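Taking the form predicted on its own, here's one chain by itself in structure tokens.
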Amino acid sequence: MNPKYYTLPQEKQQAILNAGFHVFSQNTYKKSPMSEIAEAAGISKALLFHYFRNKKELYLFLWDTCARITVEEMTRSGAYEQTDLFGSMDHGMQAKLRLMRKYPDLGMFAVRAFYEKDPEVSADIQKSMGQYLNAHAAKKLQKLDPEDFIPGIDLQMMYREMYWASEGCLWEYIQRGIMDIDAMEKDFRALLEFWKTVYLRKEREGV
């Protein structure tokens, strides 16, 4: 990316970001033309290529920006400070839903990018996401007290199962072509309550 992008007025930077999030959120990577992004941002296609050498560079920049904004919101929410697994997941869910309500195109872009299959960008996205997930999963697992959960439970497998289920929910929504935030919150809360009854010792023992 051309560093001169950061010399643009803030509103112009935001216009390019919003245009990218919107266009890429509406279709696959391959079917999202740079000309459409430039038009939505109110600049020429040549100027857009002046700041971003190609579509891949812009796409990955948008992904990194999305990740940064999400981490910042998660930090403000206190999700990373929670010692209780389900409390952490609840705070994290609320942080992400707030972002999706505030920036609906950002939310849809993040989901589409996560499931993007185009080889030009998919490996980079999955590598980035894998590093993020592994880092935070390791921190969360270190904080867990085995005594809080049913005897003999494989905590790492439990965490992976919950992650896979969460992925399934997102995939179901993207297949519908809409991001109903209220419905997503309802479904995720139901999942959280279900996991508590399955995995927590006090829930199973009626304590």
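This one's a predicted model, so the numbers in the text were calculated from it and none came from an experiment. Each residue number is its position in the shown sequence, starting from 1.
Keep in mind the form predicted in complex with the DNA is missing from the figure; the text below concerns it.
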*Pick from Q156, N54, Q175, N27: which has a non-hydrogen atom within 4.5 Å of the DNA in the model of the complex?*
N54
_I need to confirm a contact call. Of K143, R160, R68, H50, which residue comes within 4.5 Å of the DNA in the model of the complex, counting heavy atoms only?_
H50
*Looking at 146 to 154, 29 to 37, 60 to 68, 161 to 169, which lies within 4.5 angstroms of the DNA in the model of the complex, counting heavy atoms?*
29 to 37
_If we define contact as a non-hydrogen atom of the residue within 4.5 angstroms of the partner, is I181 a contact of the DNA in the model of the complex?_
no
_Check K202 for me: does it contact the DNA in the model of the complex (non-hydrogen atoms, 4.5 angstroms)?_
no
*Report yes if any heavy atom of L8 sits within 4.5 Å of a heavy atom of the DNA in the model of the complex; otherwise report no.*
yes
*Applying a 4.5 Å heavy atom distance criterion, does K139 contact the DNA in the model of the complex?*
no
